[in-house]
Every structure is written in C-alpha cells, then in structure tokens.
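As a starting point, one isolated chain is supplied in structure tokens, in the form predicted on its own.
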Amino acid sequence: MFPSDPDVVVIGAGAAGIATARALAARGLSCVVLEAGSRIGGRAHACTTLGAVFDHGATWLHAAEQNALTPHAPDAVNHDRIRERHFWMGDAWATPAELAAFQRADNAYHAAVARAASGPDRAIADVIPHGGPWDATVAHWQGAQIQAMEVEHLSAHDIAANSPDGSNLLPREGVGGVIARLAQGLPIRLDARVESLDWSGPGIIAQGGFGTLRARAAIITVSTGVLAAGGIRFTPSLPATHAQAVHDLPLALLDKFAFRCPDRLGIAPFHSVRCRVTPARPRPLSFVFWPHEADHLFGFAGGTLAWELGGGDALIEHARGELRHIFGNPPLGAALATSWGRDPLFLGSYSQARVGAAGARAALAQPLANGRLMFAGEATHHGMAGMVSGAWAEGERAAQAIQPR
C-alpha cells in the first residue's frame, strides 16, 4: 500500500495533505502521507459523541460558489438563508430596530476595512469606527469570534484580501466528515510524526519514529504553529524568507464547545445567538442552535479568552455560565469542548498575518530546492486563508507544481 520510494512525501493528513495526495494520484505520481496523529482530517474533524455530527474545527464551507469542496457536500444547508440572529442585550432580546443598528455598524466596519486595503497596512483596530453603540460588539464579533484574534493584532491588508463573498454551507456530515470521506483509499500512515527533514541532497529524507522515508520531493502541510515551535527539524535550516514568513503567520485560536439540551429554548434550528459587548461581559461567546434538527447547540470562544481558558472543561463551564445568563437555567446535558491551542499537533486554529506582513503567505508558498520542497495549507492561500477551502486549493496547487520523473 505504501511505496518505499515515492515521488512525494506529504507531511500532514489534514485538508491540504488529502487534497495533495488526491491531486498527485490523478497525475499518476506516487506519494505517502505521513500523519503525526492517530486520525486524519487535521483541523477538519467531526465526531458523533453527542449523538449527532459535531465539527471540532472547520464548520462551514465558506464562499460556496467558489469552493472546490461544495460539489462533495450535496446535502449541505445554506446556513445564511435560514439563519436568524438573536442578540441578547443583557436583560432582553434586541428589538428589530436594534438589530438594524447592529447591521449598519457591521456594514461600516467592512467598508472601513475595504478602504484600508489601498493604503499602508495598519491594524484593523486603527481603521474601523469607534464610539458607536454597536462598534465594540462588531469589533469583537469580527475579530475574536470570526478571525480568532482581536482587531488590535489583525492586518487590514490580510483581512481585506481574505474576505470572500458567497454562501456558507453547513454539511450534514460535517466538514470533517466530507474531508474524511475524500481521504478514503489514500496512502496515509498514521502515528508517523516527521521529526526531521533533510533536503540537502538531490532527494528528500524524512525521519521519525516510523523510520526513514526517501522521496523526490516533499510537500509540508502542517500548521505554522507547529513550524514556529520547531516541530520539524530541517537540514539545512529554512532560508530567512521562509523562516520569517512562519514567524509572521502565527496561529490564532477559536475553540468550540457543544451541549446536548432537550429544551429548544425558544430558538429555531440553525439560528444563532450572540451577546452585546458590555463592561460586565466584554468578551461574550456566540452560539448556533440545533444544526440539522440535532438536539445540541454549539458555540465559539476566540482570541485571548480562548487562550486563557485553554478549552476543555474550563471552556465548558464558562459557556454554561453564559447560557445561564441568557436562558436562566437551561437543562444542559452532555458537553464537550476543543483545546486546539494545547494540542501539540496544531497549537492553534488558523493563521493570521502580523500587521505589515500580509505578503508572508506568498513568501511561504514559494518552492525551495528547485521545486522539491513546498509548503501548502490555509496559511499559504491568498483569498481564502484560514479556511478549509483555502487549504484544499493549496494542496492541489502544490501537487500540480511537482515535476514528473
């Protein structure tokens, strides 16, 4: 099943690695995918622990009209068409007039970011409106809760370049389920962590507890968090251009949680709940209820709050408290939460460019060693960075760049 001397060694069996392997096979090139963990999917992983599909990581197929994964999820629901947003004001639900005011503030935020794309790169916080009744809520939502990092640290150029239009689809089998299905039959070795990669010679030598694997080329799809932490030892060391790019693309953090609940709480399926930012609750969570008629709700904690909580039980208790603040004493049942920031195989959720370093994505994507060593993943995509669609597209790009024997 596993060629001993493949054309390409692919490191990481997330969306990018799986897309790479599929594209290489379509070209008639052999590969082995080495995955450090005990499962496939990377940051796109679904489970049914709560009795229905729950995506631990990637949740939506963003920009569905231009997303290569859309045809592979024919039963996905267009979340935008049926979702209604509910805003908890602290003591009551927002009125239609208040919701309209929020939407105007959200539109002003996006317009400011779009304008900032034409000038010198600045932090999002420096270009967006401040002082309005909804501005802090919009900044929290668009920063910590969507981009997984506060607006003070987000590059306006990078955010403007990676904000595609289009529908957001919620697959019934989960994004993780779609990715796992597309990985079937691929030459993937699990529990095969690559500790070192030698690209000094005419070929590539990957070594780890699994042994030694030689290939003509290597495509690396692990997170920039793992790369920055020295998870793979390169011989020779990466050039300054690529090392700087890794530094300039740190991983942000968005952890997820879910609760089973037999009471629908007056919220319809697929509807979302957010809370207005107040001095008492400056970093509220956000929630999505009853996906595909399931009896669970799920939600998100992003940015500094996610790092401080660390996911797991601490996040579950924090989320339980916020749900009680909104709904009184809801009959919450079994729960689970992710801990992406503490997982050594990822060390975060998805990349964000440092202010002034929006070009780091293109720099990291540049081939090395005459095309024998390449990086691919959400961090290297221009247009859909931070998204599983971007990771998939980058895997296909890297595979197409490999020269035949």
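One rule holds for the numbers: they count along the sequence shown, beginning at 1. The shown structure was predicted, so the numbers you read here are calculated from the model rather than taken from an experiment.
Absent from the display: the form predicted in complex with a small molecule. The rest refers to it.
- Distance criterion of 4.5 Å from any heavy atom to the small molecule in the predicted complex singles out Leu345 from the list Leu336, Ala52, Ala46, Leu345.
- Among the residues Ala258, Ala156, Ala245, Val226, the one placing a heavy atom within 4.5 Å of the small molecule in the predicted complex is Val226.
- Interface residue remark: Leu24 is not counted as part of the site for the small molecule in the predicted complex, having no heavy atom within 4.5 Å.
- The small molecule in the predicted complex is approached by Gly37, whose closest heavy atom lies within 4.5 angstroms of it.
- Under a 4.5 angstroms non-hydrogen atom cutoff, the small molecule in the predicted complex lacks Val277 among its neighbouring residues.
- Shown alone here, Leu213 lies farther than 4.5 Å from the small molecule in the predicted complex, counting heavy atoms only.
- Every member of the trio Val194, Leu254 and Val388 reaches the small molecule in the predicted complex with some non-hydrogen atom inside 4.5 Å.
- Residues with any non-hydrogen atom within 4.5 angstroms of the small molecule in the predicted complex fall in just one of 352 to 360, 24 to 32, 59 to 67, 366 to 374: 59 to 67.
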